[in-house]
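The chain below stands alone and is given as structure tokens, in the form predicted alone.
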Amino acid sequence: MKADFVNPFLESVVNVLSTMASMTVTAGTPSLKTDDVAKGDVTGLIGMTGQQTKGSFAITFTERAIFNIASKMLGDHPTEVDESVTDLVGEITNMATGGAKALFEQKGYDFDMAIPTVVAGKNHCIVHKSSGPKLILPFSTDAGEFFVEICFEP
């Protein structure tokens, strides 16, 4: 997968969480993902289509991470994954994808974005609609772990 399709998402995710939640975000080592099982508990997934290619972006948070992020961004202190938590994950997904879309446009790519879908629960599946390889990138924060998945057709 070309770095052109990875770096805008990474830059945007770091920007959203550092700005909106005042968090320091540290990226781990990326790898190819071979299954559909989420590494976290709540996932925002959004599709993107354009003239050059199509793909999708997913961001999955552990409960610990999203509860801490909710506390920082909303002032809430959730103890379960409820509607406010899933709404927040959808909004973070939207903001991160919107930021990445702006960065893609600077590189000459134009994408239309779908409405994000949020899935929650232990061992839920993330099904990307494109046939490309799935890249997973772990991130750590003082609030907990989250994972970014990027899947674009070659």
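Residue numbers here begin at 1 and follow the sequence given. Bear in mind that the values here come from a model prediction, so they are computed numbers and not experimental data.
One more form of this protein exists, namely the form predicted together with another copy of the chain; it is left out here, but the text below deals with it.
Participant: Given a 4.5 Å cut-off on heavy atoms, tell me which of 59-67, 22-30, 86-94, 102-110 is the interface stretch with another copy of the chain in the predicted complex.
Facilitator: This holds for exactly one stretch, 86-94.
Participant: State yes or no: in the predicted complex, is some non-hydrogen atom of Thr49 no more than 4.5 angstroms from a non-hydrogen atom of another copy of the chain?
Facilitator: Close contact exists here: in the predicted complex, Thr49 approaches another copy of the chain to within 4.5 Å, heavy atoms only.
Participant: Whether Asn15 contacts another copy of the chain in the predicted complex should be assessed with a 4.5 Å heavy atom distance threshold; does it?
Facilitator: Residue-level check for Asn15: no, no contact with another copy of the chain.
Participant: Would you classify Ser130 as touching another copy of the chain in the predicted complex, given a 4.5 Å non-hydrogen atom cut-off?
Facilitator: Contact with another copy of the chain, yes.
Participant: Indicate whether another copy of the chain has at least one heavy atom within 4.5 Å of a heavy atom of Asp4 in the predicted complex.
Facilitator: Outside the cut-off, so no.
Participant: Going through 129-154 from first to last, which residues have a non-hydrogen atom within 4.5 Å of another copy of the chain in the predicted complex?
Facilitator: Sequence-ordered list: Lys129, Ser130, Cys151, Phe152, Glu153.
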